[in-house]
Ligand SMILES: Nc1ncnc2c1ncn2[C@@H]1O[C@H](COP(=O)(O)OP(=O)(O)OP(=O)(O)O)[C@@H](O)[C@H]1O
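One chain is shown next in structure tokens, namely the form predicted on its own.
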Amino acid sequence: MKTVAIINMKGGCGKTTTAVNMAHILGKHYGKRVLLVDNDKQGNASKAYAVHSYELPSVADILTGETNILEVIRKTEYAFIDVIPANMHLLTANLEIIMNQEIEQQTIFRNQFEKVGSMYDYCIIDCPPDINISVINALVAADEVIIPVKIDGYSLDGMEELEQQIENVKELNPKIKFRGCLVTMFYRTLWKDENGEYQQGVNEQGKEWLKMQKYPVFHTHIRRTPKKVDENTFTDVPLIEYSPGCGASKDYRQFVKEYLGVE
């Protein structure tokens, strides 16, 4: 089972949309068995697959050792994808683990995921815009990290810190690889300079800046598709199911193709 952490220190950059649709495409289009782990207390990835609940066990119970991972995994209406859901209990679980000095705090996910590794081809972890013990657990368990990036000054500011966090966990997880930045909410603009010549807009410039900083960057970018993406938040299905023909859905299919290295 290959484990991929989807993470950025900044909210609103498309982490959950990326995790949900990457997982769905891997399963639906490529026949992979996928475990999607919702590691964000908001539980939006859980809602996308209609498994959000406060009555049933969640990822918080895995962290605190209240239950076994097999009791937390939820089947979805899609045969190729299962979900470990999250809810606001994850907030208190993070605090509880930090205060418990008698356990190995950073390796809880890795130890639990090993129990189900033979059941899945991919594990996709949707992380919150934060660095807490559950995020550190995700990085320690991950084979690869993908960083969705919305091009603006604030999100670019956090790249160096996030790269440092990835480096920090290599002591516990030497195999972890920064697979690449995925530019999201992309829109193409041109402007005229003082000489009347057209220049690239901020999104093209931001993508080039990432490359200049030696960050790996996926060639594919995800187009800004606000109407369909906003509507999709009310549907409890992945965007790729709600609007398969919209720009973002087409781009996510191309991104997964690039990620897998297939023609």
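Everything numeric here is computed off the predicted structure, so don't read it as measured data. From 1 onward, residues are counted along the sequence shown.
The discussion below concerns the form predicted together with the ligand, not included here.
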For the chain seen here without its partner, which of 35-43, 49-57, 62-70, 22-30 has a heavy atom within 4.5 Å of the ligand in the predicted bound form?
-> 35-43
Contact label in the predicted bound form: G12 to the ligand, heavy atom within 4.5 Å = yes
Exercise: V229 in contact with the ligand in the predicted bound form, heavy atom 4.5 Å = yes
Contact test in the predicted bound form: G117 vs the ligand, heavy atoms, 4.5 Å | no
Though only this chain appears here, would I240 touch the ligand in the predicted bound form if you measure heavy atom gaps against 4.5 Å?
-> no
Scan 214-250 and note down the residues that get a heavy atom within 4.5 Å of the ligand in the predicted bound form; none is a fine answer too.
-> I222, R223, R224, T225, P226, V229, D230, T233, A248
